[in-house]
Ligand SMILES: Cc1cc2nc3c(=O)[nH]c(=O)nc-3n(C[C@H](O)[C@H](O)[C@H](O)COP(=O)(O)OP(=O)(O)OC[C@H]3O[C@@H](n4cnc5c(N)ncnc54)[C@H](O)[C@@H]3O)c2cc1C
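Shown below, as structure tokens, is a lone chain in the form predicted on its own; questions about how it binds or moves come after it.
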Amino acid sequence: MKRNKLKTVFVGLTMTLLMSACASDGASTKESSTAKSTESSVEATSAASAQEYTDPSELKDEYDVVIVGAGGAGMAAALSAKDAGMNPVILEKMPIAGGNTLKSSGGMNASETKFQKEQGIEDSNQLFFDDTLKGGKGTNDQDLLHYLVDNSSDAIDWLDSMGITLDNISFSGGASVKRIHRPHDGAAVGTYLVDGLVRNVHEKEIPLFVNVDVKKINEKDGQVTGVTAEIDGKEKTISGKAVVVTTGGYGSNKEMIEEYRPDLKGYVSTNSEGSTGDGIKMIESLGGAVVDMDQIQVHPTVVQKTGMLISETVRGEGSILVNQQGERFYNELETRDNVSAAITALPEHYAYLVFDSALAERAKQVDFYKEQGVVIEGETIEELAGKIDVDAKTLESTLTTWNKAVKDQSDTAFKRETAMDYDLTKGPFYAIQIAPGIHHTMGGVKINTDTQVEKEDGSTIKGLYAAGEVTGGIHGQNRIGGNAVADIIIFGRQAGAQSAKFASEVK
């Protein structure tokens, strides 16, 4: 096969907006490609100073599988379809690949993995299932949830086979055991994952086009036939035997947020500007059903001025939350919805993450937060207290009580049972002011375990598949931290395999 001609897009050496949100008023779906290129050019990492994409002139009229969206789910689907012998193509409306996956800073949940076993961590698929069902308040689609947990270990192995190794394991909110898998050095998972997936997409010669805005999924006689897209200001029809939609959620679409959750109007968002619900709308126009659209997750630790998400890893490695009086007020490792509610209930409606230099060494994301100027530092607890206008004696007492709880492995105040491996005793000490922000839209397109898109009556739209945040039902009323990456990889792989199977049978 002739190797695709590639166009290199230099996107800089900054992470300035990588973990920060778009403007809280979202992004218009009618922006020009030029505007998108300008606004998103900084969404990159030092590890990916340049990404290569297929030259627009190489876009063909027909492929076996057309994949809409180049986030983690889309690239996983493409790799899976390619492995099944198909000729897939990836179409991305933004100027760079990655989407919300780029912004993921925590890790990927998985159970019964080889890395857990190597590290003596006892876990089971059933425990993973139970934790997630509890976190989702019992409302998760249990068939989808069983598929997620039962295929999580294999997904970790699949990534590892491609040089994407997630063997650094820690706690996340709502998890009974260490289950969230991160890169070996504990760095943010998103950029590492996207870099690895893009590398493998290139190695397998899968065409990946950016600045291609898919406007419509085409259908004939109840079966999809491809898509209509806008590229360089011109409309083009691309035929496909199957279509996979992996366009993400709607966390940056203010109109959709206000429609389904008017109470969240004005909340800052941590989402990529491309998360505007396009795929959901296109699938709905074909009669596809949606579920849980009012279930929008608010993340508890977001810097309000910029929308920068502070990774759950910081709490998972042992930090505490204190109010403006310098006191702990809740179990930091409770589920995100409960922690968010506890912060919102404070008179000041914000809190501080407090941690020490030993934790900063374990959680590499802190280096980035320091660079962005959101970390407040004090050589001593007293100095830190002065800088955040908290009573020094109260904060010292809070830390003393917490450190004793760690030593005794008993948090009598708030019944925290996880992420109590390390005390907070090594100066300098740090604080980050945070409050809740819109993070994940758990509602979306209804799918079955084969990732087929379903209609209201349970029938499927032939040849149409969906995976990732564009779908709904998996997370119920609250997503557990670490399950988004599991979702995109596990169901992305499934969408690629199932769409390839369907395409191979189309005459």
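Just so we're clear, the structure is a prediction, and the values are computed from it rather than from any experiment. Just count from 1 along the sequence shown to find any residue number.
We do not show the form predicted in complex with the named molecule, though everything after this point is about it.
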{"property": "Single option in Val298, Ile206, Ile434, Met282 placed near the named molecule in the predicted complex, where near means a heavy atom within 4.5 Å", "result": "Met282"}
{"property": "Among the candidates Gly318, Gly136, Gly174, Gly274, the residue which, in the predicted complex, approaches the named molecule to within 4.5 Å (heavy atoms)", "result": "Gly274"}
{"property": "Heavy atom of His440 within 4.5 Å of the named molecule in the predicted complex", "result": "yes"}
{"property": "Ser104 within 4.5 Å of the named molecule in the predicted complex, heavy atoms", "result": "yes"}
{"property": "Distance check, Ala155 to the named molecule in the predicted complex, heavy atom within 4.5 Å", "result": "no"}
{"property": "Contact flag, Gly240 vs the named molecule in the predicted complex, heavy atom cut 4.5 Å", "result": "no"}
{"property": "Contact test, all of Leu91, Gly468 and Arg479, partner the named molecule in the predicted complex, heavy atom 4.5 Å", "result": "yes"}
{"property": "Partner-facing stretch of 375-383, 110-118, 139-147, 67-75, counted where any non-hydrogen atom is within 4.5 angstroms of the named molecule in the predicted complex", "result": "67-75"}
{"property": "Sequence-ordered residues of 363-381 touching the named molecule in the predicted complex, heavy atom within 4.5 Å", "result": "none"}
